[in-house]
Ligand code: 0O2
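To begin, one chain is listed below as C-alpha cells, in the form predicted alone.
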Amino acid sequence: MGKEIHVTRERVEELAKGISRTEEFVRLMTYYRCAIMEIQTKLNVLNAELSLQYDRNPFESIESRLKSPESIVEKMVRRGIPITVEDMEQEMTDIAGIRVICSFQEDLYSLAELLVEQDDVLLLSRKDYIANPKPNGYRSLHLLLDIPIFLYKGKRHMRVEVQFRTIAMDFWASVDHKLKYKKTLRDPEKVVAKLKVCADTLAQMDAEMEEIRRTIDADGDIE
C-alpha cells in the first residue's frame, strides 16, 4: 500500500456530496442493502432453527449498517483510490456491514461456520481477532462474504462484512470507539493500557461463562 493521502474535511464532504447524488451511487447502495437483507435472513433462520434444537438463541442481536458517503470517500481519498462508483465497489470491502452479538464464544464460531457452509455464500476472507487479538485488546471474528442478490434483470454478487462478537467483546469495542474521539486526554498511553487490561479481563469472563454454560448443558439446572 502506498503513502496515505490526507485532504481537508471540506473537500471530503464536497466529493461525497457530488458522488452520492449520482444514479450509479444510489443504485449501488440499494444493492448493498439487498445483500445485507439476504445475510440477515439467513442468520435469522439459523437462529430460529437452532433455538428449537438447543432451547436457546445462538445470538442476542443483529445490527447492520452502510458506510456513509463521507466515510467511503474519506477512506478512498486516503488510500489514493479514484472517486468513482466502479472503483468504490471493486476496492472497498466494508461498505456493507453486519454485526452479530452472541452470549457465548462457542455459539459465535458455530453460527459463523453454519453461515459460510451455505451453498450460495462464498467466504472471501476470515480474520479471527479472538484467537489472535489486536495489540490494543480488540477481539472479534470478521468474515468477508460474497452473496448473490436476485434482481429484476438477473443476479449480482455483492460483498458484505460480518462481525461476530460476544456481548463482552461488543461492550469493550463500543467504549474503545468512543474514547478514540476524545482529543483532550492528558495521558492517552495510560488509558490504552487500562483498556488492554479490561479486554483481557472480559476475555477471561467470556471463558468462565462458557464453562458455566457447558456445566448446565451437561448436568442440567444448577441448584
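The structure presented is a predicted model; accordingly, all values stated were derived computationally and were not measured. Start at 1 with the first residue shown and count on from there.
Omitted from view is the form predicted in complex with the named molecule, to which the following refers.
In this form the binding site remains open, since the named molecule, overlaid from its pose in the model of the complex, puts no atom within 2.4 angstroms of a backbone or C-beta atom. Among K67, R33, K196, K42, the residue placing a heavy atom within 4.5 Å of the named molecule in the model of the complex is K67. At the 4.5 Å threshold, heavy atoms of T84 stay clear of the named molecule in the model of the complex, well away from it.
Though the partner is left out of this view, A173 does reach within 4.5 Å of the named molecule in the model of the complex, counting heavy atoms only. For Y109, no non-hydrogen atom is located within 4.5 Å of the named molecule in the model of the complex, even though that partner is not displayed. For D94, a non-hydrogen atom is located within 4.5 Å of the named molecule in the model of the complex, even though that partner is not displayed. Contact with the named molecule, judged by heavy atoms within 4.5 Å in the model of the complex, is confined among 161-169, 186-194, 55-63, 34-42 to 161-169. Scanning 132-156 for heavy atoms within 4.5 Å of the named molecule in the model of the complex gives K134, N136, Y138, H142 in sequence order.
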